[in-house]
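Next up: just one chain, as structure tokens, the form predicted alone.
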């Protein structure tokens, strides 16, 4: 299993480090990080905007294999608030070391699951009180989940091989329905336009969500647009 530092690779469409910096600036966060696994290429890939010295220490100590935030999030479909991990010895060990580099134990890791076993983990941190963190997290969680999906999908599409092997195979009808949904039509509207039952529309949308690895229909629409299966209207 190879480990790839994405910050060392060219991404002409987007600068990944700049993306993390922008997320932090827009949402009053200190640091952000992405780690993922590509099951096709059998590689672990990631990049962060943590201090370089902490990145080196983290890898040298093998924390990526012990970090409970990553381990718990990789088995979850819901965001993992680091407050849940404070009693974990491994978490305290890592955060005591991270503190020397200005990194707070206040953080969140958001898992993203793709349709072919690919997993991305998007983490953010903020040095603040528990009360401030709860208020901030509540106000930005939706934006962070959207950013996590966008980031993971972009990374996975950046490999030509991955793009070819993981491009979901939607039927013409499924694509047609998603395109109408992207245009702002309700499920009943689409049923009326295509002269089929609402139940049939729901069956197709469920199939779309499964193939695209999406939890909701808006998530499926966003992922389909990102993969150029349908187009924004």
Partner chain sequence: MIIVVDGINRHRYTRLLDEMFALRARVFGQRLGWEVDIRDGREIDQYDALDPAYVIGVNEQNRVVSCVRALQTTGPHMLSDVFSSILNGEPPLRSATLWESTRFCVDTEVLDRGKSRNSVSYATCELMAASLEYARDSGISDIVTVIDPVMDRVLKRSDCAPYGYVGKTTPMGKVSAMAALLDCSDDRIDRIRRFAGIEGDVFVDDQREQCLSDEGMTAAESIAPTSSQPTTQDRMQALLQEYCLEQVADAATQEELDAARRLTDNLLGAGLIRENHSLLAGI
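Here the structure is a predicted model, which is why all the values come from computation and not from measurement. Residue numbers count along the first chain shown, from 1. We call the rigid core the largest set of C-alpha positions that still match within 1.5 Å between the two forms.
The protein also exists as the form predicted together with its partner chain; that form is not presented, and the subsequent description refers to it.
- Heavy atoms of residue 61 never reach within 4.5 Å of its partner chain in the predicted complex, leaving it off the interface.
- Its partner chain in the predicted complex is not approached by residue 97, whose heavy atoms all lie more than 4.5 angstroms from it.
- In the predicted complex, at least one heavy atom of residue 141 sits within 4.5 Å of its partner chain.
- None of the heavy atoms of residue 219 is located within 4.5 Å of its partner chain in the predicted complex.
- When its partner chain is considered in the predicted complex, only one residue from 104, 145, 93, 83 comes within 4.5 Å through any heavy atom, namely 145.
- Not one of 45, 181 and 188 comes within 4.5 Å of its partner chain in the predicted complex, counting any heavy atom.
- Residues 197, 199, 200, 203, 204, 206, 207, 210 are the ones in 194 to 210 with at least one heavy atom within 4.5 Å of its partner chain in the predicted complex, listed in sequence order.
- Superposition on the rigid core between the shown form and the other one places the CA atom of residue 174 2 Å or more away from its counterpart.
- Residue displacement note: residue 207 has its CA displaced by at least 2 Å between the shown form and the other one (rigid core superposed).
- Superposition on the rigid core between the shown form and the other one places the CA atom of residue 191 2 Å or more away from its counterpart.
- In the predicted complex, the Cα atoms of residue 81 and residue 214 sit 3 Å or more farther from each other than they do here.
- Annotation: residue 214/residue 24 CA-CA distance shorter in the predicted complex than in the displayed model, change of at least 3 Å.
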